[in-house]
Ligand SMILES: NC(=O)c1ccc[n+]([C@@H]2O[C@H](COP(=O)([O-])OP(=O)(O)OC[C@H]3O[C@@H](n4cnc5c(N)ncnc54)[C@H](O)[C@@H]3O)[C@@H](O)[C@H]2O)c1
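This document starts with one chain, in the form predicted on its own, laid out as structure tokens.
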């Protein structure tokens, strides 16, 4: 087990990529703290905590709005109270409004930035505060994994707020990595391409899927476990001499 005994927080853990990450971490032996505003999976099926219990893993849920500092502060504090330390935080929570520049209101812009960018900032800041108090184990005091997006490097058609927010997470990954490498705090990101999460709406539109298939060199689109396995690698001791990396999981989209 690559993460045996590690303590991990994953935000946005009820559905899609976040749920898959939580499950993969639990399979690898981590004690998983689930942080979300809801426990109901968007795509249906078992709740994440129940799914982890079914495989014999350890998981607890702490309701958390990542856009509120008080919630994130309490999340990390409660995690440490329960398990003694924080080894890994996966900042995954995000919203995707699917709106063009002219369709995007100030309210939509502000909410997207609050969850996708401020929420990651809060998660990273509070995690670093905690990790700096911890001993170095296997050349790390702690690891931060940020779920960015290929749309942090290229445009998200008619989705300006989402694209801008994800660009910010790519920069944040590099900044935190550079600033805290000397303290043995490791910060990397995973940038998914088109991932079939079960989300409805524009993301599942037939035209959108056709475009994604045409742009992806591999003969299938991604699924949440593809991202989850990359997140496990970045959370494990296998990735110790890596920091500031934005790891593409996109079937070759960005290479083509």
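As the structure is a prediction and not an experimental result, all values here were calculated from the model. Positions refer to the first chain, counted from 1.
From this point on, the text means the form predicted in complex with the named molecule, which you will not see here.
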Pick from 177 to 185, 98 to 106, 145 to 153, 78 to 86: which stretch has a heavy atom within 4.5 Å of the named molecule in the predicted complex?
145 to 153
Contact with the named molecule in the predicted complex, heavy atom within 4.5 Å, among 140, 93, 124, 117 goes to 93
Check all three, 15, 36 and 166, heavy atom within 4.5 Å of the named molecule in the predicted complex:
yes
4.5 angstroms heavy atom contact with the named molecule in the predicted complex for residue 65:
yes
Is there a non-hydrogen atom of residue 194 within 4.5 angstroms of a non-hydrogen atom of the named molecule in the predicted complex?
yes
Looking in the predicted complex, any heavy atom of residue 42 within 4.5 Å of the named molecule?
yes
